[in-house]
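In what follows, one protein chain appears twice in different forms, each by itself as structure tokens: structure 1 and structure 2.
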Structure 1
Amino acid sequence: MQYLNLEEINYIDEKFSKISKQFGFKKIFPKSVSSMEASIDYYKNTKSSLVKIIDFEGEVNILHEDPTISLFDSKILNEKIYYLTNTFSWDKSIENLKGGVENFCEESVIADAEIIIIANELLKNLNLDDFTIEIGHTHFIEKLLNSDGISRSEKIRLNNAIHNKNIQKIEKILNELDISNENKNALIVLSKLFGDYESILKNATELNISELKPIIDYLTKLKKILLIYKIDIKKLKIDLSLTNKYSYYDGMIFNSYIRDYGKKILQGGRYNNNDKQGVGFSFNILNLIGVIKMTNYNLAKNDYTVITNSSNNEKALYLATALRENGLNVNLMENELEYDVIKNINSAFILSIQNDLVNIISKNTNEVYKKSYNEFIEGINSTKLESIH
């Protein structure tokens, strides 16, 4: 890609900024470069994809792949911030654009719930109705794997098998281990513990393992707060074997995804690293734009395209002028009203004139309707914009 469409990015930025500000977050611009020494520990699982630069003195620096890590190196404490920034990785397209929020605060279920609600509001405001937020907890697997009788290498093998939901492999590894049957069963059940919030919470409680009780209590409290925020409980899921590629997460973690889009669209959670504690989430803006386009929602919702040909130039010019005078953006296009032309237009409404009628095509709803030309112009000039459609 040679350039990014700034209008599409602004569309997301506007919605994201409005919601973040409502919750008392302030906008910052995280730095992209840090010394490799200061950050490398946080990139344990992704260090081969880091973009590195060497300065004149031979010092190796990295261009951040994850803006949260660049903030670990800053003086921010007890602050609520949000950002939109460039990120870098050799893994995919080298340069990317990410947005995110962070609340640098001590452990608090209220702060965790607030972050989940901001993610929920963002996706709702982007009209992505079919999204799901899936919540997990890093301590859940850790507690079960900390039983006596599991060596470090077996822990890694088991963790990978649980992460991949490879039940046959989990069973095979567990059969070789000298741990209690109670913990063996819990580890097998664990990889199947995902789905509706209420039922998974109930299943996890029924495992009746004392070490897991604090996590179950936490998830119960979290649900209670999210319900006060009027979250749609059907959109909330739990996956107790959820993991994250970044090793700094410590506690609640969450992902969001949408049906038929095979990647996560948002991810976050709680971290606790030396002097930096907090909770946050981030999203890849280009992925989000891709999802919005996939759901056929037009990003340029205030824009009009007026298609004109030689037979109706004059009326088309009057129409375009009237719309612009009322603060709307209008692209006047000399062309025929054909499928191939309409398909490639990126405006919310396409207008064309046929004798004394205006044909109106809504790209958002795919509806087509007609109005009298005079009535349409009158509607615009009397600023009753809703009356023109």
Structure 2
Amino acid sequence: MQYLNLEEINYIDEKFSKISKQFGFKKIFPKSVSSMEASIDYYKNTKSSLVKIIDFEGEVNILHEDPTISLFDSKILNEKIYYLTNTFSWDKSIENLKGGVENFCEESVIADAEIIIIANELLKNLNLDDFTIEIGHTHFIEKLLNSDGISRSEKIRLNNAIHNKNIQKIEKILNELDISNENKNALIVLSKLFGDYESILKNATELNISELKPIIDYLTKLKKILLIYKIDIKKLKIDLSLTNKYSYYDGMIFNSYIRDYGKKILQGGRYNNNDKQGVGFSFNILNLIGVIKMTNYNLAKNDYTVITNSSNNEKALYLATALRENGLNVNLMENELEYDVIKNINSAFILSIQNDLVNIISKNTNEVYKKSYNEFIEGINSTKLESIH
């Protein structure tokens, strides 16, 4: 696993915890290890390469890639939980850090909407404005794929083609299968049902496909609740060809993407055909940190770095002390004010003193401005901190 900056993780954890607690969720730490026997049913239909460990008695255990699966076999006192935990898969990184929320409840549109709102608010609170949430439903596609006795390997091929909206490949695969013309047409239509929430809901209704009616009713109710929460409906897309690599999802599923960032930043949905029913989502911390940095938003918890050298040591020490006495985090650095130094500093503001002036560099806005040293110190001591910038 690549080096993790705990301040960056704490920044996300604070935002995530705040919104989760507002909705009544309690924080837990899921276990990372389960027996092979207890977990294999959940992993057998995924493309995951599992990390296995063998104890001294020869028992094979699995290091979880998906925290939700470890929670299925746990005794959880609270129905509504959230977490940050390590996960494992046999890829380049092997170990990852994931966060997520789970509401272990029976099927409920209100509970589903609440999970989507938490995801929406988390992304907003992380200053990620250019995101979309794609919402789908597994029932229609699963019914079509199971109705003609399609094999598991054929189902995976077809699922991938539908998810990628590759119409030519879908038609090619369907022509190779012994499948009814009605289901062939429905699967081709399915791959085209993607776009703005309201327009796709309208288009799906006009298709008059009986199997779609329960899903249309569900999406209509979901929209009504989400609007009560004042969600920006333009952020939402419907994708009825949406699939998920975890086989336990059975119902609403959703993913979230940021423009110009190729990976999912959130994924989740509802599961109803297991010992534990519920709804939730998860996210990879490193992906989330990566996309936040891509937007040039500063994750640093150090509010200020004060650069000092032999010519201004005394003034720099007074300035740093005054800032700390007002509850701010200050990193004092002995160096020259050069480009390579500035580039590697992770603070919201960089301050340097030149004669009787304070040079102020904002890393968030890339602005540079100056203020007299005495005026800057007076602004700090008067606690009117907004006046010092």
Partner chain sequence: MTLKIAVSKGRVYEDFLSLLKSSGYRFKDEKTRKLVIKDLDNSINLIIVKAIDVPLYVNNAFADLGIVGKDIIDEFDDLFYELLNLEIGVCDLCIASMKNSKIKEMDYLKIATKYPKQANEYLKFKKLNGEVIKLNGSVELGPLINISDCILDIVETGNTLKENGLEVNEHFKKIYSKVIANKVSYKTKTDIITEFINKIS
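Please read all numbers here as calculations on a predicted model, not as lab measurements. Residue indices: 1-based, along structure 1. For clarity, a rigid core is taken as the largest C-alpha set superposing within 1.5 Å between two forms.
**Request:** Could you let me know which number goes with the form predicted together with the partner chain?
**Result:** It is structure 1; that copy is the form predicted together with the partner chain.
**Item:** Large Cα move at residue 154 between the two structures, threshold 2 Å, rigid core
**Value:** Comparing forms between the two structures, the residue 154 CA shifts at least 2 Å.
**Request:** Determine whether the C-alpha of residue 180 shifts by 2 Å or more between the two structures once the rigid core is superposed.
**Result:** Yes.
**Prompt:** Roughly speaking in whole degrees, what is the angle the smaller rigid part turns by between the two structures?
**Reply:** From C-alpha superpositions, the smaller part turns by 20 degrees.
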